[in-house]
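In structure tokens, one chain follows: the form predicted alone.
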Amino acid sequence: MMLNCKNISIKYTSRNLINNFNINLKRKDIITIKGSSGIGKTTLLKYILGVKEDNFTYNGEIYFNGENITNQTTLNRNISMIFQDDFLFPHLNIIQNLELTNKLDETKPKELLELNNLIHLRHSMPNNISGGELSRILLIRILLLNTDVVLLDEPFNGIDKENKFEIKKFFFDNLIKNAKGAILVTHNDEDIYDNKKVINLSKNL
């Protein structure tokens, strides 16, 4: 077992967002959490990452390989996240952005760009690449952080249908090839990786 969330409940002021959420994530697992906007999906991911927001009340425990990490900082959790509105540093080119976060061998940023046919972007500035290219670069950046668990917050939002299939394949192939476990949150059935590994969240009234 890698990541285990037990009885996670999240309340915003007096409103219950998440009730008794449980998940067991193994290496190379890609589990989808599906639910409508405003239901608390991003807040749940942030809590798993180690980020608590003001005016929210949190309960439940998070374990990593059997160790209770509920009160550990994000830096100590071996978990990384691609946020819905994630970005690259605009004053750095692509390879510089990747080198900044690289926790692997110093040749790895260039190697991953080459393996994924993106080496031609290495000297491009972030404002000169497409949305689809940005999505791919953000995933490469996460891989360079070298965490065992990756959290994906609506990573395919805003990507046109023509490119979505290819980008999804890029994401999932890279996650599995690099032996990551991933939790993907989405409101869209098209984004699901494995229909047998879907958790549906419903709105609490």
Partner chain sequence: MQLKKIGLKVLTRFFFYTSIGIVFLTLINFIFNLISINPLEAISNNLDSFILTFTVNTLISIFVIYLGFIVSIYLFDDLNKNILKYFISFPHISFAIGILFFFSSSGFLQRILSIFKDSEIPINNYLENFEYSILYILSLTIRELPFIILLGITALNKIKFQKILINSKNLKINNFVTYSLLVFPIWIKKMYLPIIIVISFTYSNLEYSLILGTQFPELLNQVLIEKWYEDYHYQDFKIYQVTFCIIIAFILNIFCIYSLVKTKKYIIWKFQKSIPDLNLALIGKISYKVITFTFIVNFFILFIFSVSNNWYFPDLIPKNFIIQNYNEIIKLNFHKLVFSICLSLILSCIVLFFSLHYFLNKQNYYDKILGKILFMSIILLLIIPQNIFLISFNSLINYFEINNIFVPYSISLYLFIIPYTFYILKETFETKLFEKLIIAEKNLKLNSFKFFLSIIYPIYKKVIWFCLIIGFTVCYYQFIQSIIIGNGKYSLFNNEVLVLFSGGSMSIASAGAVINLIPCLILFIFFRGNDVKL
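Model, not experiment: these values are computed from the prediction. Positions refer to the first chain, counted from 1.
The same protein also exists as the form predicted in complex with the partner chain; that form is not shown, yet it is the one meant from here on.
- The closest heavy atom approach of residue 79 to the partner chain in the predicted bound form falls within 4.5 Å.
- Interface membership of residue 147, defined by any non-hydrogen atom within 4.5 Å of the partner chain in the predicted bound form, is confirmed.
- Taking the partner from elsewhere, residue 90 is found to have a heavy atom lying within 4.5 Å of the partner chain in the predicted bound form.
- In the predicted bound form, the partner chain sits within 4.5 Å of a heavy atom of residue 142.
- Shown alone, this chain has one stretch from 162 to 170, 64 to 72, 49 to 57, 22 to 30 that lies within 4.5 Å of the partner chain in the predicted bound form by heavy atoms: 49 to 57.
- If you take 95 to 129 and check each residue for a heavy atom within 4.5 Å of the partner chain in the predicted bound form, you get 96, 99, 100, 101, 102, 103, in sequence order.
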